[in-house]
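This document starts with one chain, in the form predicted alone, laid out as structure tokens.
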């Protein structure tokens, strides 16, 4: 099914087109402020800035090469304790939009006065590489963006297997994949449609060319995804493999800190309840012949998987933050795909419906019972 959108010129680049859109929105009072990424003075990172000044928008980089802070975390910081009194617009990658949608279902983000805008995402470069050679990585990303290159090997590994790079449940979306000098801006919600109407932006462009191009790119990324999942499977299935994979873990919990879905005020593994006395640890070491530190590495990683795999959006932040280069993002993406497929759920792709296990229907208990029975070894019984 095709839809109509606003034809936009990309002659001056996507970044300028987006800046002009937000400045026009502020001028016409469609929204009162915007939250956009701005390169920090040291030029080695980006920060989310809430602004209502057109001159500040000119300094913003709406499509940054890196994700130092996942956009959904910025929205959580802004709206977790209420939606405020002003209407705010923001533009983010699809994985950031999807994370925001998931957090809204978990009552961590309030989207009532937020306008979400997304774009066809060529990926994001790894933060470690960007910190080391920012100008070179900046140039690589801008070339990929200008060339509409959705298979650039300079991007994060999970970006190469992302099938949700284009479109999202955002209110508005900038599409440009497979299009030459033009792009298309279209609405995915009543809020988005009202904004285009107010700005007198006529929806006359057919999205079929864009959609066909997206499908071709998505097909290739799906093939890449299958191959990556095949390669990661031996590393995570079975306790022995998990222990080997996470043997390098130093217990820093960086992956937890940067994850947009890990929203608990205090993680159990950082709480006093998880800490043991010296006597307990010494007795355990005596009985076992020795114990390793840091403690509970596997429990922490498996606990995180169980806690957030249903809402994981494969943004790759965890892998960016790991100081010992464990392929956390690929592992969690693989586990999340398995978990979400089991529940016929795709995190953040729609604002409708609750996160599985958060709300039950009466007949679902029998389905869960059957899932447990089918997962048990032959010969065992579950009552």
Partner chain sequence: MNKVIKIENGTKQGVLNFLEHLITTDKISGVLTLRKINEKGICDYGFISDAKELKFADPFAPVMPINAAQTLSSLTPTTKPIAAIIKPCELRGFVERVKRVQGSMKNVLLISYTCGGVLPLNTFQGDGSEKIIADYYNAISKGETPGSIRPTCKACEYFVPMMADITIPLLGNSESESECSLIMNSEFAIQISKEFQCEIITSELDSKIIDKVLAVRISEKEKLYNKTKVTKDGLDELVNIFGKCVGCHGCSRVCPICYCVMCDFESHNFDYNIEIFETELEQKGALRLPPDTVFFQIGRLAHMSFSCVGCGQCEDVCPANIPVATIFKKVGEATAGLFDYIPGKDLEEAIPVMIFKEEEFEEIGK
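Treat the numbers as computed from the prediction; the structure is a model and nothing was measured. Residue numbers count along the first chain shown, from 1.
Just so it is clear, the following notes concern the form predicted in complex with the partner chain, a form of the same protein that is not shown.
Picking from 179-187, 151-159, 261-269, 211-219 the stretch near the partner chain in the predicted complex, with a 4.5 Å limit on heavy atoms, gives 261-269. Using a 4.5 Å cutoff between non-hydrogen atoms, residue 84 counts as a contact of the partner chain in the predicted complex. Among heavy atoms of residue 131, some come within 4.5 Å of the partner chain in the predicted complex. Contact annotation: residue 193 falls outside 4.5 Å of the partner chain in the predicted complex, judged by heavy atom distances. Contact between residue 79 and the partner chain in the predicted complex is found at the 4.5 Å heavy atom cutoff. Contacts of stretch 45-78 with the partner chain in the predicted complex, defined by any heavy atom lying within 4.5 Å, are made by 45, 47, 48, 49, 50, 51, 52, 53, 56, 68, 69, 73, 74, 77, 78, listed in sequence order.
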